[in-house]
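Just the one chain here, laid out as structure tokens, in the form predicted alone.
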């Protein structure tokens, strides 16, 4: 199982999370590309740290929305969205190359991530950007998302993702951050869910109903309070359960159906 985290989300004098510590735990780094967060200094530093730790570099592309941290929907024209994603990929790839590494995959951020679950025009726009930039890149997102289906048709590699510290609805979607209980806080509870997810392929929803989620990668949010402790607890629990924590290189794993 791959572990990923959103990193490089500082901007100017503002910092968010402990990127250096998280890079000693996770196997893949979703690095902000300057549109929802990040700047030239932050991108270069984070790529260098990722290269040093042997962590896979992912482009965490988002809406052009620094003020809203990319968590607001933007009704952007598809052609413009394609160009904005291309610009972000180009910027991050430059710093990755300077650090002696490269982008391995693309993961949308925030509102764009959620929008691409169902928004066909924007999904096609992002797929077009990835395909034009580098068709060997993988794309990371939630199972069932429209954009992953479009990416698969376009010949891109698709990796499915689950979230360690976010609650799920009975339909398998994330509970909105505006609702109580959307973000989980207890490291032991989060780790137990991740082990269940990795070994059995399901988690329990907020209603108590089991939800099947097949995932190649589990995300631990870097801005969750206690993120480093949570990530360490999750990794230790996975390894104690016999799960190998490694960068995604293989096709989607198949897990058992919940009882």
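Residue numbers count along the first chain shown, from 1. Remember, it's a predicted structure, so these values are computed and weren't measured experimentally.
Heads up, the form predicted in complex with a further copy of the same chain isn't pictured, but that's what we're talking about next.
Undergrad: Going by a heavy atom distance of 4.5 Å, is residue 72 a contact of a further copy of the same chain in the model of the complex?
TA: Yes, residue 72 lies within 4.5 Å of a further copy of the same chain in the model of the complex.
Undergrad: May I ask you to state whether residue 15 is within 4.5 Å of a further copy of the same chain in the model of the complex, using heavy atom distances?
TA: Residue 15: yes, in contact with a further copy of the same chain in the model of the complex.
Undergrad: Since only the chain is shown here, I'm wondering whether residue 83 would be in contact with a further copy of the same chain in the model of the complex (any heavy atom pair within 4.5 Å).
TA: Residue 83 belongs to the contact set for a further copy of the same chain.
Undergrad: Please run the contact check for residue 66 against a further copy of the same chain in the model of the complex: heavy atoms, 4.5 angstroms, yes or no?
TA: Because a heavy atom of residue 66 falls inside 4.5 Å of a further copy of the same chain in the model of the complex, the answer is yes.
Undergrad: Which one of these stretches, 154 to 162, 139 to 147, 93 to 101, 168 to 176, sits within 4.5 Å of a further copy of the same chain in the model of the complex when only heavy atoms are counted?
TA: Selected stretch: 93 to 101.
Undergrad: Going by heavy atom distances of 4.5 angstroms or less, which of 231, 47, 37, 194 would be at the interface with a further copy of the same chain in the model of the complex?
TA: Of 231, 47, 37, 194, the residue with a heavy atom within 4.5 Å of a further copy of the same chain in the model of the complex is 37.
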